[in-house]
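In structure tokens, the next block holds one chain alone, the form predicted on its own.
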């Protein structure tokens, strides 16, 4: 193998698995160390720079960082509670007004329209307002937040948390046009904005056209529309017997909200096997904890009505069958259809985009699914000054992905408005510096905690089921937050190897607790992986391979299982190993000039 190019910033970035997995590339170990140092405001601002909504995401994020967490690879341990530590910083940040950017006194003369006030548009607003852009934000709701406000129930995301973090952005200097439905993109174009960003989400819930749908329509509801109706207090009750169709997070929000609005016999019925549901594991756990059964492998066949009123549904029982490529199909078991009673049915089987307000003669290209054709890096459409982001660009995902796309769209808008090519993306900011303070001392806590993952406490079930606005999760208190933060392995503190200092004494091999270091002859990657002291089986993570040493061997380290404990650097008699902190920040709008 060729020696590893450790000067490539993406090499060490990928080693920081949690940050690499985060769509917004939040410097996770950095803010967790700050929490352990009781620097909550600083930890909050590290988050705010990257993911914009630390308090919101600390409660609602889909947590792509946690499955990637290196801690989870140690003897089947649970990953660090990264998401809930974000909330620790948010809940204890104190007054940060002096740390937030102020409204620009001198504007740059450019005007940008943002259609939709969800997370992607708000991210664009935050990134561009600080650069002196005149931002105009349009939304049909009376407040900002988009689907974070209409679809995430208050028992998961209190209104005061949402309002606070939205206001932090609007206060930078954003012209808001709430209670305004944009019915024509052409009308917006005619107002001569320098750029337009569309962040209208995926506002249309999928329907199920089954026998009995029209007859029972009064008690059959589209999930996301029903959640919005509850959020805006147009709907305040539901029948005692409720069926929720679907296996995603929206279905979990629907069933849990139903329990709070009078549903006593609420059940989720899903086509797929339980393990393959799209809902996050913790969302399913919370639903089950609230006495909501999840019935899998049942395909809806018909709505059953009696005297013009819905009384239940019929389902066909199926089982999953997989072909040689692992592709799943659902095959009937041959058993008789199953009937479940219901006063109301909530359909939560997916969301779709809807652009009836975008005229098709403006030059914007749409694909066969009626989605706008956008560049997946720049988020620019076929009309150069019109950009898309969030669920409106590449389909429904989650808040953190919408934020990441908003950052990238803001860079593109800034480049475009300055007459530069939107394809010339600014490089990330990176830094690598030694953390050595003494022979055996580091500028970070290198001791690995053996504690199991701490459980986030919840409010009493009997209390929360009576009040849909009562937050269920209470968050970590400060002592528990500190102990959870101590479980972090500091994966951004990298093991840096200097060949010229190495005497091949093997001391680092002897002391390494995971046996991830091997001195051996070089070879092709597959061969090399098999010959390591412990074979490196995870091909998704690179090997660190040194240049040729005086003996003709190379040093190979398996990045997949390294604990970043620093023992190799402490034990090395020649300082060939050093622990160096790696900082990686994605560029924001304005980095290009």
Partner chain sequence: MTYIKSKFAHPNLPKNKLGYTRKEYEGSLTTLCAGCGHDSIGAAIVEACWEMSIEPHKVAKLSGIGCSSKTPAYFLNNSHGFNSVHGRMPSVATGANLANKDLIYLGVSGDGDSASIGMGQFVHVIRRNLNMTYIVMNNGCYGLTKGQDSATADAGSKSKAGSVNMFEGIDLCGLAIELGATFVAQSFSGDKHQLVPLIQAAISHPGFALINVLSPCVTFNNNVGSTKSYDYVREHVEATGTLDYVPPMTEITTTYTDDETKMVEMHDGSWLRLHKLSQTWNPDDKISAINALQHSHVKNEILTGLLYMNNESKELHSLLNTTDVPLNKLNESVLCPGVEILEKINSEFR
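Quick caveat, the model's predicted, so the values are computed rather than measured. Residue numbers count along the first chain shown, from 1.
Unshown form predicted in complex with its partner chain; subsequent notes refer to it.
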property	result
Option touching its partner chain, based on a heavy atom within 4.5 Å in the model of the complex, out of 357, 340, 442, 193	442
Listed residue (435, 385, 398, 446) with a non-hydrogen atom within 4.5 angstroms of its partner chain in the model of the complex	446
All of 25, 484 and 583 within 4.5 Å of its partner chain in the model of the complex, heavy atom check	no
Stretch in contact in the model of the complex with its partner chain, which is absent here, among 527-535, 61-69, 540-548, 45-53 (heavy atoms within 4.5 Å)	527-535
In the model of the complex, residue 513 touching its partner chain (heavy atom, 4.5 Å)	yes
Contact label in the model of the complex: residue 561 to its partner chain, heavy atom within 4.5 Å	yes
Close approach of residue 14 to its partner chain in the model of the complex, 4.5 Å, heavy atom	no
Its partner chain contact at residue 450 in the model of the complex, heavy atom, 4.5 Å	yes
Partner contacts in the model of the complex for 485-505 (non-hydrogen atom within 4.5 angstroms of its partner chain)	503, 504, 505
